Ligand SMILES: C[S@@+](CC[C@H](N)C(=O)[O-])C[C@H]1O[C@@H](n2cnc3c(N)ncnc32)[C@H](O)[C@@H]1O
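Let's start with one chain on its own, the form predicted alone, as structure tokens.
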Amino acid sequence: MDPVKAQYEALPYPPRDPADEAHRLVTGSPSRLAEIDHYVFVARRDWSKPFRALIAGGGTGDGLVMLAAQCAEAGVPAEIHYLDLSAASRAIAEARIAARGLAGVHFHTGSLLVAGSLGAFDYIDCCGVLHHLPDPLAGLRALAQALLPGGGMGLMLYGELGRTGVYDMQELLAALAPAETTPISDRIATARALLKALPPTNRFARNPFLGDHQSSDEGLYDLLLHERDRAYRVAGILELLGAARLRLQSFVPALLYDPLRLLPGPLAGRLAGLAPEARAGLGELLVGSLKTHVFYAVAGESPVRPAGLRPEAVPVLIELPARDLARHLARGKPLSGSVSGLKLALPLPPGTADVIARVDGRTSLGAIARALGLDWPAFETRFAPAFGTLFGLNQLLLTSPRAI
């Protein structure tokens, strides 16, 4: 049996209990419905029309359940297909969908290389999968060929810099507990013993951004004992996309890939003439802690570019309650928080609180401008910097006029 398949049959990842669906929905990027609208369909899709999606390498179902639940809540006529090589993982994902009573979901067991046999899709999610394939490019090409015209993909690949020390540990453990001769339980015990014995100088011990090994045996095995994974820098991702005839729409959150937003003015100015792709690679080096890269892509020949401000688009907040954020900004406080270990304090222009207070997922930007007594050019000029910051943090997105 393929070692990756064997791992996920024995240790489905991430570990999930279908009973938990009664009291929480696991959300994240990629594949929030609002993100798909913003990054793939640039806030122009008619969501009353049928929507076909594929969750390629769906694991225990986080992305599947989130997208199916959000489509159901929004009344989107969705047909969602789940594909994974692990029958054990599929069983958990099926149980989670059943626990929520969600319809329109179809399950398949197999390699994502057969994605095209399932038909063509408006959207494909492939989160944390390609880096485990013997040939990631072959996998990405198979998915790209299954996209409908105008469709796109949400992906996640491991980040090289944030995984500092992981491959040192994998090499050590391959010698201490060879997969070919050591039972899974003994490999896990050996890994835990090694973790306790690490000197403080060890690169993994000095990396504060990794924690999967602390949460469960499944997480430990996936991080430190996996027999096939690789990590990427921005340049490698762009090369992979290009070889599959795909084009990057955006990394998420985009702000972490833009040194113009992270460096003081005199230094940032020296990079202003660089292409966004070149800046993204420098942003990754500057932040230094990105253990995953989440990004959206479309066909290379697609004319679609990331969503921009326009009167009919509907802004939605992703995690921050509008009332609380508006109250915070009205006090003159910066937008603050921590992203990938990076502490941020970002000032927003005066009056931003008045805009945020009117963001309800239904009201268009044009309607908000009129409510504030501003014509569209004045509104756009005044608030474009604030929207740019909130877009960059993936905390405010634009959706189609039919709110989702």
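Numbering starts at 1 and follows the sequence shown. Everything numeric in this text was worked out from a predicted model, so none of it was measured.
We do not show the form predicted in complex with the named molecule, though everything after this point is about it.
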On the criterion of a non-hydrogen atom at 4.5 angstroms or closer, are Gly162, Phe204 and Phe209 all touching the named molecule in the model of the complex? no
How about His132: is it within 4.5 Å of the named molecule in the model of the complex, going by heavy atoms? yes
Can you work out whether Ser111 and the named molecule are in contact in the model of the complex, taking contact to mean some heavy atom pair no more than 4.5 Å apart? yes
My question is simply whether Asp222 lines the interface with the named molecule in the model of the complex - judged by any non-hydrogen atom within 4.5 Å. yes
Does Phe387 reach the named molecule in the model of the complex, with heavy atoms at most 4.5 Å apart? no
Note: the named molecule not shown here; in the model of the complex, the stretch from 83-91, 316-324, 193-201, 297-305 having heavy atoms within 4.5 Å of it is 83-91
Taking the named molecule in the model of the complex as the reference, which of Pro253, Gly281, Pro136, Gly128 has a non-hydrogen atom within 4.5 Å? Gly128
Which residues in 1-18 have a heavy atom within 4.5 Å of the named molecule in the model of the complex? Val4, Tyr8, Tyr13, Pro14
